Ligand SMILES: Cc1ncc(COP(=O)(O)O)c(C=O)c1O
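Starting off, we have a lone chain in the form predicted on its own, written out as structure tokens.
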Amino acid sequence: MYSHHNALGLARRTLAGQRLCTACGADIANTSPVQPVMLLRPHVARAAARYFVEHFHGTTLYAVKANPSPDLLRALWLGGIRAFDVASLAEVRLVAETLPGARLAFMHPVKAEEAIAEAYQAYGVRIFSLDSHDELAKIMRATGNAPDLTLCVRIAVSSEHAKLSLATKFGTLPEELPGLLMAARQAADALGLCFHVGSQTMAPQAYSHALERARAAIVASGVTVDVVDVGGGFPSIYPGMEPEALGGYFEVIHKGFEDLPISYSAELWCEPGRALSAEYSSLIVRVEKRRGDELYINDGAYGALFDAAHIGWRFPVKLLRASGARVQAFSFYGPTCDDLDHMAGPFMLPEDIAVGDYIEIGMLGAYGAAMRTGFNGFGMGETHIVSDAPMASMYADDEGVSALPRQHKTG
């Protein structure tokens, strides 16, 4: 349930009848919240969606796993996203119930047969991915050999340019591709090729290399391909990870797509998750203890900071009060009794930070809320919808986030 901040006369009505907080994190910190506070920025999600819709020359499917919040799904819909990459039956149900007109693509390459059947029969899903003959057979059995399927064969590609690899679990190997593509072509109404270059891909060349793999697969199999899906991997901005503008990624993809031996009517798809959701939310936490350069805060590895703890992800941070002190590196401990509840950082904050201070941690819209648990009894407090800019933005030239430069260095 939302708690809408209206201190200092800062709230106003939105079109949806919700109350919008025009304050920043510091204003909310002044109310002295005891629990972590999530800040949501629907206007930023809409701007990100508009950017993809207007600049990517194909269909953009939001990867729901990055953040399955119904409010975010609605914001992306308002920004023009009409198709969604779902990876489970629960995600199929969620998007179908939240956005009845949405187009759904079940893009997990390994699915339960019962999930395929329900997705097809109850929710009208017609797009499925696969990377093996066994999965192809499963899809055909579950759909009763349906004649209206779009089948996307996932090919194995490198994740060498990504901060998080997605190269080991899924993907058909080159020597297996011709046979699988020919079998899928015979079963499908429309045949697609898909891949994933890894999460937070820092070089556009990752897509050109993957599209060369796609070219080789098409040539080796001799099939007609109707869809090329370049997957996700589009980056956001974090400390130490400041990629070039998304337009550079799109340019590489568009050129590679145009050079493929496919029909003029073939479709180009992408599946951004992080790039559409990262800027959507941030988190306000309170310092409960300081031990040298270690700060004990009231959220952590079992909350929204899973990535900071388990893969060493650095998020931008800022102290929510004025300070003229020089900054230094800190690490965080979360609120649970578990030693694993530790975020090494480094997180750059003023050296005079103390117990009772509040910190805003930015760029948590991707995976932060989705990974949250209730371990040890710790959870979330209030959620506020705010209208300020995110702590960093890939969409600074778009409406609603122009207050920041495209690459805003912080923390």
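This is a predicted model, so every value here is computed, not measured. Counting begins at 1, following the sequence as shown.
Separately, the form predicted together with the ligand exists; it is not shown, and the next lines address it.
K.L.:
Using a 4.5 Å cut on heavy atoms, which of 143, 200, 221, 298 is close to the ligand in the model of the complex?
P.N.:
Contact with the ligand in the model of the complex is made by 200 alone.
K.L.:
Sort through 278, 193, 210, 107 and report the residue having a heavy atom within 4.5 Å of the ligand in the model of the complex.
P.N.:
Comparing distances to the ligand in the model of the complex, the residue within 4.5 Å is 107.
K.L.:
Are all three of 65, 166 and 271 close to the ligand in the model of the complex, meaning a heavy atom of each within 4.5 Å?
P.N.:
Yes.
K.L.:
Name the stretch, out of 313-321, 233-241, 287-295, 96-104, where some heavy atom lies within 4.5 Å of the ligand in the model of the complex.
P.N.:
Going by heavy atoms within 4.5 Å, the stretch is 233-241.
K.L.:
Classify residue 367 as contacting or not contacting the ligand in the model of the complex by the rule of any non-hydrogen atom within 4.5 angstroms, answering yes or no.
P.N.:
Residue 367: contacts the ligand in the model of the complex.
K.L.:
Against the ligand in the model of the complex, would residue 154 count as a contact residue? Criterion: heavy atoms within 4.5 Å.
P.N.:
Contact check for residue 154: yes, within 4.5 Å of the ligand in the model of the complex.
K.L.:
What residues of 81-103, in sequence order, lie within 4.5 Å of the ligand in the model of the complex by heavy atom?
P.N.:
Only a single residue, 85, comes within 4.5 Å of the partner.
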